[in-house]
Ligand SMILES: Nc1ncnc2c1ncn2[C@@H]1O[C@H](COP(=O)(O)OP(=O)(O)OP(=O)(O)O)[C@@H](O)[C@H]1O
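Single chain ahead, written as C-alpha cells, the form predicted on its own.
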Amino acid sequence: MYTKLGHSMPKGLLMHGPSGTGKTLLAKAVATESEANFISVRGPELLSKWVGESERGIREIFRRARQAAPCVVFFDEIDSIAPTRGMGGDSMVTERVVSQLLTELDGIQALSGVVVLAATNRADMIDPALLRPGRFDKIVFVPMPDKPARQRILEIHSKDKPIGPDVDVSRVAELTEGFSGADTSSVANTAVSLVLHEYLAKYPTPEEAAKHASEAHVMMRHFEEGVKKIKTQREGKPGEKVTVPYYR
C-alpha cells in the first residue's frame, strides 16, 4: 500500500525530552515488538582517539544494517557523537562523525529497509543538518508523564510487591506530580527499602528478620515517605536545561 500510494518511508526518528521519561525504554519496546532486526549503538562508544576509526565505526554499523534489512538502528545519547559542527576540539573527531552520518542517512548510496532511531535529552546540541526531512524526518518530544501514566507506572512496579490494604495508588500518583517516569518507578522501590530497614531494625539478627519476611507489607506511609525521599533527591540535583519541543 505504501508503494502504491507513493509514500516514502521516514529514514529517521529522533526522540528528545527530559531525562528519565522513557526514550530508551521506547527503543527497547520497538526492538521487542517489531519483527525487524535491531542494532543498538551507545553514542560515546563509537568515539576513538585514532584518526578514521570513529567514521569507520559508523560505516560498519550502516553496512551491517543494509545487509540485515529490514533493520532498526538505535543511537542512544546521539548528542555525544553528533554535536553542532564548529564546536569540536582539536582532533575534529565529532565533525567527521557528523559528516559520515549525514552521508549514510542521505547520500548517494540508498538506505532502503533501514530506519534510524535516536534518543537525546539535549536536542539543542545536535547539528541542524541532521534535523531536516530525509535524515531525521520525525522529531518526537517525549514529555513528563501525566497522572494516569504515573499511576500505571506505579501499578507495574508494585505488581510483585506485598502491598498493604491501605495503599491508594491513585493518591500516590497525585503526590508524584512533576516526577519523571524513572523517579516514579523509583518510589515503589524506595518504599520497599523502607520496609526492609524497619524489619531489620525490629529483630536482633538479619536471619530472625528473614523468618518474618512474609509478615512484611508495603503500607501507604512507606509510599509517602518514598515520595518525600525522591523529592529531596530531585531538589538536590543541578537543574536540567529545558528542551523546547520541535513540531513537524
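Counting begins at 1, following the sequence as shown. Source: prediction; values computed, not measured.
Omitted here: the form predicted together with this ligand. The next part is about that form.
Query raised in the report: For the chain seen here without its partner, which of 47-55, 207-215, 176-184, 30-38 has a heavy atom within 4.5 Å of this ligand in the model of the complex?
Result: In short, 176-184.
Query - this ligand: the contacting residue among 95, 77, 127, 106 in the model of the complex [heavy atom, 4.5 Å] - result: Partner contact (heavy atom, 4.5 Å) among the options: 77.
Requested in this report: Have a look at 121, 84, 100, 158 for me and say which one sits with a heavy atom within 4.5 Å of this ligand in the model of the complex.
Outcome: Only one listed residue qualifies here, and that residue is 121.
Query raised in the report: Is residue 233 one of the residues lying within 4.5 Å of this ligand in the model of the complex, judged by heavy atom distances?
Result: Output for residue 233 is no: heavy atoms all beyond 4.5 Å of this ligand.
Query raised in the report: According to a 4.5 angstroms non-hydrogen atom cut-off, is residue 9 in contact with this ligand in the model of the complex?
Result: Flag for residue 9 set to no.
Query raised in the report: Using heavy atoms and a 4.5 Å limit, would one call residue 153 a contact residue for this ligand in the model of the complex?
Result: Residue 153 belongs to the contact set for this ligand.
Query - Residues in 6-35 close to this ligand in the model of the complex, defined by a heavy atom within 4.5 Å, in order - result: Contacting residues: 18, 19, 20, 21, 22, 23, 24, 25.
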